[in-house]
Ligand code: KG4
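Listed next as structure tokens is one chain, alone, in the form predicted alone.
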Amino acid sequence: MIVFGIETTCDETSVSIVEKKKNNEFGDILVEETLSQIIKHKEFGGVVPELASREHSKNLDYLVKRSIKSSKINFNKIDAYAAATGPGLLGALLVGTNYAKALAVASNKPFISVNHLQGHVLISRMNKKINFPFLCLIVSGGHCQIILAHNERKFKIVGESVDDAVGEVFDKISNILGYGYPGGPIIEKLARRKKNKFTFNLPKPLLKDKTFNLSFSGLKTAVRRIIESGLEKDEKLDLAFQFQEVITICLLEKVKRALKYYKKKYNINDFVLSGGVASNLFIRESFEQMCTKEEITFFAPETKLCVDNASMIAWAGIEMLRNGKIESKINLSPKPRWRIDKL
């Protein structure tokens, strides 16, 4: 089974061909081509939707042709074409969706509509034995959700950020500090150089709230006010570490509560950390330690599969293709606000 995947939800143009062999439950990436637009958007301090869709239009055809050539796969060998059709930027989604539809129609193969977050949740199953149901925390630039995955098509959001996503907060604080975009890797790098000289009284929003929801706008505002009051270099390093630490504490607390509630109810033994922010080693290691204490197996994709990529879209297509008849969604329109619990 071979699926061609396309991912253009935000500012990465990515194509991938993933194969699952008959006697192997896991998948192999035959080729993946990803072009990041970070340099294009850096001067604006964030992603500009119109610029993103223009770059996708300019580069997607080239990446598709290069991936086919380097994989040496004949188009006839491809079983289906999958594209991320939401959530994301509408213009960007249209580029990838329409290209995948065109390939599917031209080759008379199914077109599979994949939810972008569905890809993030399922990608760890491409090379790890993770049993349904399992709990997953997605932390990225646009999303922060605790998800109960029942199967490859059925998901329940048990908790989420009621305001800003973690990656978004990292970006904004990095900009206010004067270090630019993207903020996640910058804050992590600054935090590693902490001096432990200064202590900041940072809030932990919703930490004692009984729901599994999170909030980060109050923390962002508190950090912004501290920065605007004026900081020396060493103070910035300590603030970056404590800011990252507080975010991690909030995430850990809510996930621990969710695990405690759902572990016995659904016999959950596996936890997955996914999304772009999952490549943050401090957050990643903190969750691994938490899972060891909670006696639950920890999984996280390799770093290159945490960020937006087409391999997770192709793999999600394979998961759906192998577990039931797929109705080609040629007439489907992209959904910029498509929730994973509304598949």
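One-based numbering along the sequence shown. All values derive from a computational prediction rather than experimental measurement.
Just so you know, the form predicted together with this ligand exists too; it's not on screen, but the next bit is about it.
- For the options Ala300, Leu60, Ala52, Val307, the residue carrying a heavy atom within 4.5 angstroms of this ligand in the model of the complex is Val307.
- In the model of the complex, none of the heavy atoms of Asp164 sits within 4.5 Å of a heavy atom of this ligand.
- Contact check for Gly27: no non-hydrogen atom falls within 4.5 Å of this ligand in the model of the complex.
- For the chain shown alone, Asp171 is a contact residue for this ligand in the model of the complex, at least one non-hydrogen atom being within 4.5 angstroms.
- Not displayed here, this ligand is approached by Val277 to within 4.5 Å at the level of heavy atoms in the model of the complex.
- Figure note: of the listed segments 68-76, 148-156, 252-260, 134-142, the one touching this ligand in the model of the complex, with heavy atoms no more than 4.5 Å away, is 134-142.
- In the model of the complex, Phe170, Asp171, Pro182, Gly183, Gly184, Pro185, Glu188 are the residues of 169-200 with at least one heavy atom within 4.5 Å of this ligand, listed from first to last.
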